[in-house]
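This document starts with one chain, in the form predicted on its own, laid out as C-alpha cells.
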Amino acid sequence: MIAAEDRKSWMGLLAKARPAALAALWDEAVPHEVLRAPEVGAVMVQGRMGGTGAPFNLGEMTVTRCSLRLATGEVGHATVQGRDKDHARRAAMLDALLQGPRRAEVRARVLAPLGAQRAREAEHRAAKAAATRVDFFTLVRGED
C-alpha cells in the first residue's frame, strides 16, 4: 500500500512541473482507458491574512483535470494549473504508473530530476531574496 503523504508529494511535483520539462522526461505511450477526458475548469482559490487568519476568496484559477486507468488496472488522477490537456493526461498517467510495478523506474526517470530542479529553483529564489536583505541596527547615542 502507498503512503498517502508519498502520493501527495509526487502528485504535487507532477502538477507543478513545467509541461515541457515533464514531456521531455516522459513521452512514452502506455496503454490506458480514459475515465475522465482532460477537461478545463476553474477552482476558487482561498487565502488567509498572515497565513493564519480567517479564509477569504482570493479569486478563480483555471485548472485541467484528467483520470485514466492503465491496462494493468492502476487508476491515475491529475489536476494541473492552466489549460494544458497533454500535461494533465501525462501527470495522470505517471500517477497511475507510480502505483504499479514500474514505480522505481518512474521515480528515477521523472520524480528525481523534477525534485532536483525544484530544489535548484528554490535555492535560486532564496539567493535572490538574500541579496536584497537589509540588516538594520540601532546606534546608541551618547545623549541621555
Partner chain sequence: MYVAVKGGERAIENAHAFLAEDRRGDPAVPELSVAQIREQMALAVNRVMAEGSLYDPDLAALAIKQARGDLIEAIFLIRAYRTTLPRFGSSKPLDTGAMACHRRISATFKDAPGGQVLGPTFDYTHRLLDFKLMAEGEAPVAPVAEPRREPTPHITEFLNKDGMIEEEAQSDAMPPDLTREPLELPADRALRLQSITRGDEGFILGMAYSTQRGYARNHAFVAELRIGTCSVEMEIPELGFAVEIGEVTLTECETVNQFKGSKTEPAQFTRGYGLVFGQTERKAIAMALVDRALRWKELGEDNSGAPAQDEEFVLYHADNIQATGFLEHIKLPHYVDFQSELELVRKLRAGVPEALREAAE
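Positions refer to the first chain, counted from 1. These numbers were taken from a predicted model, which means no experiment stands behind them.
There is another form of the same protein, the form predicted in complex with its partner chain; it is not shown, and what comes next is about it.
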Would you check, heavy atoms only and a 4.5 Å threshold, whether residue 31 touches its partner chain in the predicted bound form?
no
Verify the contact flag for residue 105: yes if a non-hydrogen atom of it lies within 4.5 Å of a non-hydrogen atom of its partner chain in the predicted bound form, no if not.
no
In the predicted bound form, does residue 118 come within 4.5 Å of its partner chain, counting heavy atoms only?
yes
Find out whether any non-hydrogen atom of residue 21 is located within 4.5 angstroms of its partner chain in the predicted bound form, and reply yes or no.
no
In sequence order, which positions of 19-47 have a non-hydrogen atom within 4.5 Å of its partner chain in the predicted bound form?
36, 39, 40, 41, 42, 43, 44, 45, 46, 47
